[in-house]
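Just one chain follows, in the form predicted on its own, and it is written as C-alpha cells.
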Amino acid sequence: MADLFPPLATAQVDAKTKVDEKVDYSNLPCPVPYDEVHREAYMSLKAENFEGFRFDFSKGLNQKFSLSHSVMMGPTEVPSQSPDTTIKIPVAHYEFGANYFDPKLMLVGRVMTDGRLNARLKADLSDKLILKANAQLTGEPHMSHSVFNFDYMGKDYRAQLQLGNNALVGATYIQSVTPRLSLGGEVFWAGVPRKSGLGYAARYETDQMVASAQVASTGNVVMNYVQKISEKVSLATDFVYNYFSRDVVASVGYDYILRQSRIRGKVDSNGVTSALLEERLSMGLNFLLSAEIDHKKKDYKFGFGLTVG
C-alpha cells in the first residue's frame, strides 16, 4: 500500500499545475502594434548600416527642448543598366534638427541642405488614443508626402487608422487570442495609383523566443524567428518570399550587447554580409563602425562615425 502514495501525490501536483495554468481569456495582455510584429527580428536583421563618415551632435537646451546637428559624407548609389553593377557618386550634406519631448507630446523636425524638410509628431490624445504624424516636404515634383495615424489601445487589442495624401486610407487590427499568441490583419487603399491590398499577421512569443509571420496580397510572405540565448545575446532568422516575382531571400543574424558596446550583424542568401558596432567611449560619446560586403556585386561598404550628446 505504501507504494501507492507517491503516484497519488504526483497526480495531485499535476492536477494542481493544470488548474494554475488555466487561461483567463477575460484578462489577456495587450499585443504589440501590428506594424511591430517583427520588431525583435528587425533589431538584428535591419541594422542601420551606412557608408562613409557621419557625425551627430545633440545639445539639450532644457528638459524638454534640444537641438541636433548631423554631417554625413559618403557615396550614394544611382541606378545602372546592369543589376550586377553599382554606380556610386560622392555626396555630402548637413542636417539641422529641433526636438521637443513631453510626456504626452513629441515634436521632431529636420532640415537638410538638399532642401528636404522632415517632421514627426506624436501626441497622446487620451490614455488609449495616440496621434502620430509624419511629413516630408521637398522641391521635387510629387515627392512630398504626409501620413496621419490614429492608434487605439484596448485591453487586449490594438487598432490603427491611417490617412495620407494621394488618397491613402489604411486600417490595422491585432488581437491577443491567448497569453502568447496574437493575430491581426490590415487593409489599405491608395487612390492615385488605384491599388488596394489585404494582409494578415501572427505572432507567438515566450520568455525565450519570438516567432512571427505575415502575408499580404501584394505578394510578400515574411517569417521571422528570434531565440534569446541570454539577456544580452539573441539570434534571429527570417525568410522573405514574393509569390509574384518568385524572389526568395533568407538571412540569419545576431545581436550581442556587451558592457560598453553592442554589435549586430547578419548574412543572407544573396551573399551579403554586414555588421554594425556601437561602442560607448565615455558618457555621451559613442563610436560607430559599419561594414557590408556584397560578394555577388563585388560591392564593399565601410563607414565610421561619432555621436556626441
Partner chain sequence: MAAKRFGGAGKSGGGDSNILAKISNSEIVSQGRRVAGDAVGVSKKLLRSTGKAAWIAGTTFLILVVPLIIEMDREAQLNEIDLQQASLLGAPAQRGF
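Positions refer to the first chain, counted from 1. Treat the numbers as computed from the prediction; the structure is a model and nothing was measured.
One more form of this protein, predicted in complex with the partner chain, exists but is not displayed; see below.
Only one of K232, R180, K88, K155 comes within 4.5 Å of the partner chain in the predicted bound form through a heavy atom, and that residue is K232. Contact annotation: of the candidates T273, S58, N242, S269, the single residue with a non-hydrogen atom within 4.5 angstroms of the partner chain in the predicted bound form is T273.
Mapping the unseen interface onto this chain, R246 falls outside it, with no heavy atom inside 4.5 Å of the partner chain in the predicted bound form. Residue contact check for V23: none of its heavy atoms lie within 4.5 Å of the partner chain in the predicted bound form. Not displayed here, the partner chain is approached by R280 to within 4.5 Å at the level of heavy atoms in the predicted bound form. At the 4.5 Å threshold, heavy atoms of F50 stay clear of the partner chain in the predicted bound form, well away from it. Heavy atoms within 4.5 Å of the partner chain in the predicted bound form are found in one stretch of 249 to 257, 36 to 44, 61 to 69, 23 to 31, which is 249 to 257.
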